[in-house]
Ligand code: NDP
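So this first bit is one chain, no partners, the form predicted alone, shown in structure tokens.
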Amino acid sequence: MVAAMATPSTTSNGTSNGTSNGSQERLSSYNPATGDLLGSVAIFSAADVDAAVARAKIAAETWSTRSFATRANELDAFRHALAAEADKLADILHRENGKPELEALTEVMMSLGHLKHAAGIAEKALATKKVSSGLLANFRATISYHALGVVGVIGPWNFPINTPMGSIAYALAAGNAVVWKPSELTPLIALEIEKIAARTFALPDLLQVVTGAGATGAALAKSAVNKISFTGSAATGKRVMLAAAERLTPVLMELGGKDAMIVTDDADLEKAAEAAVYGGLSNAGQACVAIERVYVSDAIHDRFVEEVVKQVKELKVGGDDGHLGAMTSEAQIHIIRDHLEDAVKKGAKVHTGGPGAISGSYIQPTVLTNVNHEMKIMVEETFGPVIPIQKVKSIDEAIRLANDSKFGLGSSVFAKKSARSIAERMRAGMTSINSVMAFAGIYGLPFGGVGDSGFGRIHGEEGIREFSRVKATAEQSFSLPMNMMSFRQKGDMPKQLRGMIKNLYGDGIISKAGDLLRKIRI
């Protein structure tokens, strides 16, 4: 199965709808489930990318001057237009990505939610804020937020609409234009969205798509964009950062994950098992916030495994109505097979699936026990339909193992009394308590990780501000007898400053009163 390849073509007319200036190659998109050719798109050269960014800068200059209400109205219109085409978008997603119809429709719906949320919160999130001016009481101190200009979005193949929209919607709402480079495995869905944007927004260059493989993404990272939002592997993220460093372009990195779930002995066992199955196997495990390792109290381990296996065996793989669809990337199948073979070789017990349960683009869901951190399956990102379960003797051991990772994106804990305290101790950007991945479905929560899972945040008010430039302003309201910002000072100024230091920050009355007041408030 080949997911994408370059083929000769002479079609190029220099427009932004999937064609590029002077390119003789095109990128073909295939259905990962059947291998059928779905279509081909242009490969944008560096010059083509630069031209798109230049057009976007012109659009951004106008878009950024429009009121929040005007931008919200246009974003609403865009959302309505996408919603009207929801079935078509889901069908393209189903065929190009390989995920079942239900998951495709869910992804479309989640993407629309981001657009609605971003349009609704932008004005509040970017409102000018007044802060204390401290000793400079004659000044008005404010923090304001301004559009960056053009945001380059490099999207993944596993959630080719929802993940990019988590940046696109908030970047547009903040007053920026967007140039979007989709994965080479899923370019058709991006071009369909670009068509809808072009006929919806008054500024047709506000949202542009540049298609191609790694070279096109590198060109976008090196271009004159004002920020890059990248979603993908840590290895590729580092290359994007290196490319962006040439212009000192700031980057937002949403990278891989190895999300852990902790299940204590007082957890609701059936619900925890159900969550582990869904969290580990939704989108065939092809999610950065998928549950990739489970740590279960030894008191309930066997019963938990029995319930997980029972639920996994109820799932259907393949077909329009299947629970698990085809794997999108052929390269990922090789990684999953390697991880499974390594685990079995080192003593893991296979309850369902396993290395021999891979057929073409489909992988039967696998449940493993007797696993440990000497195995790739527990420390490297697998990105497939695998649930490895490790028995632990205590909560402390579970937390230690959960935090024993270079990644730190999402996490989950199933417990009763200790749930919140465990969640606080888990080293991750996000945690769901008695649920899985819920943080990704709450638009107001920031999304992002730590360590090799990246930095920066999308979604929510933090996501809006992530795509803005922060400006501090100090405005003098009136003059004071003592002007500290002048060389015209009296001879006894050092003496006065010593007195001020003692009174304001040392053992003086004002300092002691302030310290006491703070303690009372605490």
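These numbers were taken from a predicted model, which means no experiment stands behind them. When you see a residue number, it is the position in the sequence shown, counting from 1.
Same protein, other form: the form predicted in complex with the ligand, not shown, and the subject of what follows.
- Interface residue among Phe230, Phe414, Tyr295, Phe304 relative to the ligand in the model of the complex, by the heavy atom within 4.5 Å criterion: Phe230.
- Residue in contact with the ligand in the model of the complex (any heavy atom within 4.5 Å), chosen from Gly166, Gly212, Gly384, Gly408: Gly212.
- Contact annotation for Thr236: at least one heavy atom lies within 4.5 Å of the ligand in the model of the complex.
- At least one heavy atom of Asn158 is located within 4.5 Å of the ligand in the model of the complex.
- The closest heavy atom approach of Leu112 to the ligand in the model of the complex falls outside 4.5 Å.
- Contact check for Ser183: a heavy atom falls within 4.5 Å of the ligand in the model of the complex.
- Between 359-367, 308-316, 150-158, 125-133, the stretch whose residues reach within 4.5 angstroms of the ligand in the model of the complex through a non-hydrogen atom is 150-158.
- The candidate spot formed by Ala119, Tyr443 and Gly460 lies out of contact with the ligand in the model of the complex, as no residue has a heavy atom within 4.5 Å of it.
- Taking a 4.5 Å heavy atom cutoff to the ligand in the model of the complex, the contacting residues in 246-267 are Glu254, Leu255, Gly256, Gly257.
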